[in-house]
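Only one chain is shown below, in structure tokens, and it's the form predicted alone.
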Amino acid sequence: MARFNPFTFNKAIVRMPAPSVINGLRDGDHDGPDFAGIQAEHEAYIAALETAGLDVTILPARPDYPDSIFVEDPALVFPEGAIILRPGAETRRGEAAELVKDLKRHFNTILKIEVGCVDGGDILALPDKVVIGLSGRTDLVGAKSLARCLESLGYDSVLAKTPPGVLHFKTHASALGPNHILTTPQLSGVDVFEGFDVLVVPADEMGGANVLRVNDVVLIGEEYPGTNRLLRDHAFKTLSLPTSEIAKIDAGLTCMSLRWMA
């Protein structure tokens, strides 16, 4: 596999939240989000993508799919094509089918996972490989199917274990640049990050590990000032965004868009 740049984008797809988003999937019995708060956070997110230079396609809300604002879970996109995934939560599988017609407007090649389960939140693209995290939402059968799809697009992949009790691999790890990874302590020593400069978030900011590098800026939740300082100390330009409401449905910055270089 040739090295590629998983941080440079000029296109993105997002989906507007529906009022039903407050009933989105979440672990535990904590309070759900406020819809107006979700709307405000989503608008700030779109503005940040546009400021970073992306042409953003905004899909209409789907009230019948409360979690459909998180478009990265049912699909993956690369310059060479898109992959329709098979989410681990059965209630989300219809979202994947709904995205096909939208992706056909942008991609000539669209592949599909037919067996097993794969959530996009478990997939971390690095310059030399794509990491597939095994979790409660991504199983081995689905991971092997995805690996075959990636190979057909020209990408190598490796498997990694998501820590027990963690929803997605990217909840605990984000790619910052060609040589840097941001992780929680649980993932800081995994083999797939060998050769990278691994930055570890403060122990009281575990949620800060989910950031999004878009061109020359790293989007980060404003609730994580210690992680923000860590990134700035390593010469990363950051932009803080509100994420407290989407966090209540176990989501972060990476899952709210599909991004690629056209």
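This one's a predicted model, so the numbers in the text were calculated from it and none came from an experiment. The first residue of the sequence shown is number 1, and the count goes up from there.
Although not depicted, the form predicted in complex with a small molecule is the subject of the following passage.
Residues placing heavy atoms within 4.5 Å of the small molecule in the predicted complex fall in a single listed stretch, namely 163-171, out of 146-154, 163-171, 128-136, 96-104. Contact with the small molecule in the predicted complex, judged by any heavy atom within 4.5 Å, is made by just one of Ile249, Val14, Ala18, Leu239: Ile249. For the chain shown alone, Arg92 is a contact residue for the small molecule in the predicted complex, at least one non-hydrogen atom being within 4.5 angstroms.
The closest heavy atom approach of Glu41 to the small molecule in the predicted complex falls outside 4.5 Å. Cys255 belongs to the set of residues with a heavy atom inside 4.5 Å of the small molecule in the predicted complex. Looking at Gly142, you'd find every heavy atom of it more than 4.5 angstroms from the small molecule in the predicted complex.
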